[in-house]
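In what follows, one protein chain appears twice in different forms, each by itself as structure tokens: structure 1 and structure 2.
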Structure 1
């Protein structure tokens, strides 16, 4: 266990060792040493580059080479590194006064020096990055997302207001600390707010139950597993707030969580390039499938794919979600073309996500435009809506829906389903969706699978879904 004073003392010792480096890679295992290393980089004004512990040699080579990291902090087990490795000892100390809490809580150290391209690809300068985080690389080599400290501070202050997050809270989570969710929200959040953090290393139901926190973070897989352990779930009844993110939370899980814990988790939306931009609020009714309203300072709009025109906020029109605000990234490292291409001509960040917004400003994410906006027979269908319908069937445990090329329809709806022990007939599921939604939204194919492919934070990798080969 580290006090705030101990943490900043150990981080100051790291800062002395990395000062002047262009960037520092951090072995991103779930440990106090990782937190000390990242905070030390921030104190030194050196961009931190968290490296996932399960990354392969090719990924590591790209992350390290692309970021320009001059050293690696931590104790990675890899023997193929060509840069110096500096172990981190949380018992080391250097003289430093820990940053005093700001009016909203704590304060995030702000790096100094350096310039980066503006997000719109102009010739001005943007704040230097505090973090360089790599995208999933679904459309090529992963891009380094430069996240400035100013964006982190703006986002955490907005979330503190939305979630009534105070120094009296104890946050509990076991999420990876090399992503936005576990690192920025889950580590920098408590530092800025001044609250206590208990990281459970792994987000198991028993660990969450034993922690005795007031605020819990999880992804849908975490909450689903907690629902399967009723005793652990009931132990969370004393928590004042549960938060879910990184992927949509299935309605059956929401209903079961409400039954076992007395509350439904708040859902929020964001991505590496934007941080968290919309969220449910404390004291506001939680609507399954909706991720709340825009945070203070954030503006959102929907744009038609074909015409580029803004769409109405009528809870039905599906368009690309675009964002402006202080939480945006500083651009893609060394990729001014990709940076410029991610913004509209009038300066809005193009998320690539399909969404609807209602008249009150509430957002529902349909999914990625590239994989989750299905155009079939002249209809525009959100994969998330079909998935939600399937998940409401008692025999369906998990579901992922994609559009497959079709010579007649353009795309046909295909569902990949993990069932309970009592597997239904395919026709039963097709008819069930047709009754719950509309006939044109029914899956044309149902593929039963034992599990859905997921990444480190629980998101389904739809690019890995494919029908079995025909004989």
Structure 2
């Protein structure tokens, strides 16, 4: 257990070690040391680059090289690192007055909030980002999303109001602390608001049940697994609020949660690039399948794919959801082209999600515009990066990757592969991707095919890919 004073004392010691570095990688295992490391970077004004602990050499090399990290904090098990590794001891102390939690009871947008980053992606005279988080696109290697401290502060203050989150709460979750859900909401949230955090290391039903918190976070896979364990689910009856996000929460799971825990989770919607932008509210009836209204300061609109014209908010018209507001990222690191491409000509961030909005401003996410972004267990995975990894296996000639509907994971990664004559075992290909990229990006099924369906110009027709019927 770490008190607020302990945490900031140990983080101050980290801040002294990293001060002046252009960026610091942090081994992102679920531990107190990781939290101390990231907070130390924040105190030093050094961008923290959390590295997933299950990432393989190909991903690591990209994250470390692309971010310009000068050192790595933590105790990673990897022996291929070419940068200095600085272990973190949570018992270290240096002097620093811990920052007080933000006053609660009202949203106080930060003075820097309210501006939307220019689509150029240039940092200009802007302060360095608090975080650089690597996130998948439809093609190519993951891009470094620069998350400003002002965006984090604005988002957490808005969420505190939406969820009536106060210092009296005890937040419980076991999500990875290298993405915004587990890190920004799940670690910085309690620090800004002043509530306790119990991190269960893994988000298992029994650990959630045993923690006895007032506020719980989970991705839909976590909630559906809790429904499979009714005794653990019933233990959540004493919780004040359950919150779901990162992927669509299936309606049957919501209904089962209501039965077992006495409440439906509040749903909120967001992205690494925008942080959380819409949410249900405490005290407002929850509508299954809807992700609530825009948070204070956030503006949303729907745009027609073909005409580029704004669409009415009539609960029926489906368009791309676009966002402006104080919670937006500061661009993709070193990728002004990609940053510019993610904004409309008139300065709105293009989420790539298809949505409807009703007359009261409630949002429903109905799908993604590209089938090449897969959400599996709440993780965002680009089909292109898994295909590239498979193609680097000597026995793979062609590969196409899709996300298939899955009751546990939302989508599961399926790979359709044309091999050389020396066809490998399926497990070998799965392990190859797990090792090279990361474990959570591994295909859950491999289908060997003799050819991939292609259109007249040779592009793979992914809609024609389906697993063979089981006997």
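Rigid core here is just the name for the largest C-alpha set that superposes within 1.5 Å across the two forms. The model shown is predicted, which means the values in this text are computed figures rather than measured ones. Numbering follows the first chain given and starts at 1.
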Of the two forms I pasted, which one is the form predicted alone: 1 or 2? 1
When you overlay the rigid core, is the Cα of residue 60 off by 2 Å or more between structure 1 and structure 2? no
Rigid-core frame, C-alpha of residue 447, shift of 2 angstroms or more between structure 1 and structure 2: yes
Superposed on the rigid core, does the Cα of residue 35 end up 2 angstroms or more away between structure 1 and structure 2? no
Once the two forms are fitted on their core, CA shift of residue 429 between structure 1 and structure 2 in Å: 31.7
